[in-house]
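As structure tokens, one chain now follows by itself in the form predicted alone.
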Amino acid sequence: MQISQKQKDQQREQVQQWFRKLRDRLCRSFEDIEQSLQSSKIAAYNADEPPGCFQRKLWQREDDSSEKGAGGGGEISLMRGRVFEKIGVNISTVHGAFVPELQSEVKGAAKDGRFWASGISLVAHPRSPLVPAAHFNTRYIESEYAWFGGGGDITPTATDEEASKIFHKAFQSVCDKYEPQRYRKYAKACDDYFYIRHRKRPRGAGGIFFDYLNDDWQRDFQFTREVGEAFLRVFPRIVRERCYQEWSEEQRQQQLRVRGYYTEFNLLYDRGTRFGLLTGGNNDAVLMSLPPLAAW
């Protein structure tokens, strides 16, 4: 269904406002965890180290004279702290034209390749190997086809059935409100996508992943917001319930090896990394997902 430019602008403004508001709430939640940490409860936390807080940095898309109308930018929010060895929450809104290698890969971009995209992306690498790493993103993209996408997943160092169960249940409760098979479909899509093919192993414990959602704009936007709310409810809970558990050096070394696999996936297979680098995104923002330390 065709809509007016005014309606399109209103929709764009709504999604940008939502991603910014969600970013602010996520950052506050993680800063609260840093502030409330009682470092005396576990020797691995340095009592003399101050709580982490997010540092923000604006960036603008570099002009490219060969691409008329290209522009936009975003904001990086990065924190290095006691609980979170590294956590980033980025927002961006960019527009322009896809490079030829992306035109054939993105739905609705084959004719002229022009696009408008806005989104939020989060990656958390906790210090404790008993707290799972987490990824979350949602986005809205317009080409000739307008759609929402995103999802969230966790990567425990070792099997953590309880964390996986409550994480999946949070997303299932959202999906079940929309259609009976949605959770199963999106959970399978997550497992299929976050699979390290050369290692023949999953990246983590899964979650949900959805792409090209274009049924009804308001309903799809509402679903996207509820996915963000679900992540905001469940992941800080997982962190708080595990950050005081004692861990060993052996578990820490295993965490670094798992981070190595995480790095391999993000650099070799992740479409978001590829999209960001090939659309003139900020390199630091695109590669924010990489862990601070890893081992092979």
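Just so we're on the same page, rigid core means the largest C-alpha set that superposes within 1.5 Å between forms. The first residue of the sequence shown is number 1, and the count goes up from there. Small disclaimer: the values here were computed from a predicted structure and weren't measured.
Keep in mind that the form predicted in complex with another copy of the chain is not shown, yet the notes after this line are about it.
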Practice problem: Given that the partner is absent here, state which listed stretch (219-227, 195-203, 156-164, 140-148) has heavy atoms within 4.5 Å of another copy of the chain in the predicted bound form. | Solution: 195-203
Quiz item: Is residue 80 close to another copy of the chain in the predicted bound form, meaning a heavy atom pair under 4.5 Å apart or at it?
Solution: yes
Self-check item: is_contact(residue 274, another copy of the chain) in the predicted bound form, heavy atom dist at most 4.5 Å
Solution: yes
Self-check item: Distance check, residue 86 to another copy of the chain in the predicted bound form, heavy atom within 4.5 Å
Solution: yes
Quiz item: Do residue 256 and another copy of the chain come within 4.5 Å of each other in the predicted bound form, heavy atoms counted?
Solution: yes
Quiz item: Of 245, 39, 263, 29, which one comes within 4.5 Å of another copy of the chain in the predicted bound form, counting heavy atoms only?
Solution: 263
Exercise. Report the residue, out of 267, 53, 44, 70, that has at least one non-hydrogen atom within 4.5 angstroms of another copy of the chain in the predicted bound form.
Key: 267
Quiz item: Can you name the residues of 122-150 that have a non-hydrogen atom within 4.5 angstroms of another copy of the chain in the predicted bound form?
Solution: none
Self-check item: After fitting the core, residue 18 CA displacement of 2 Å or more between this form and the one not shown
Solution: no
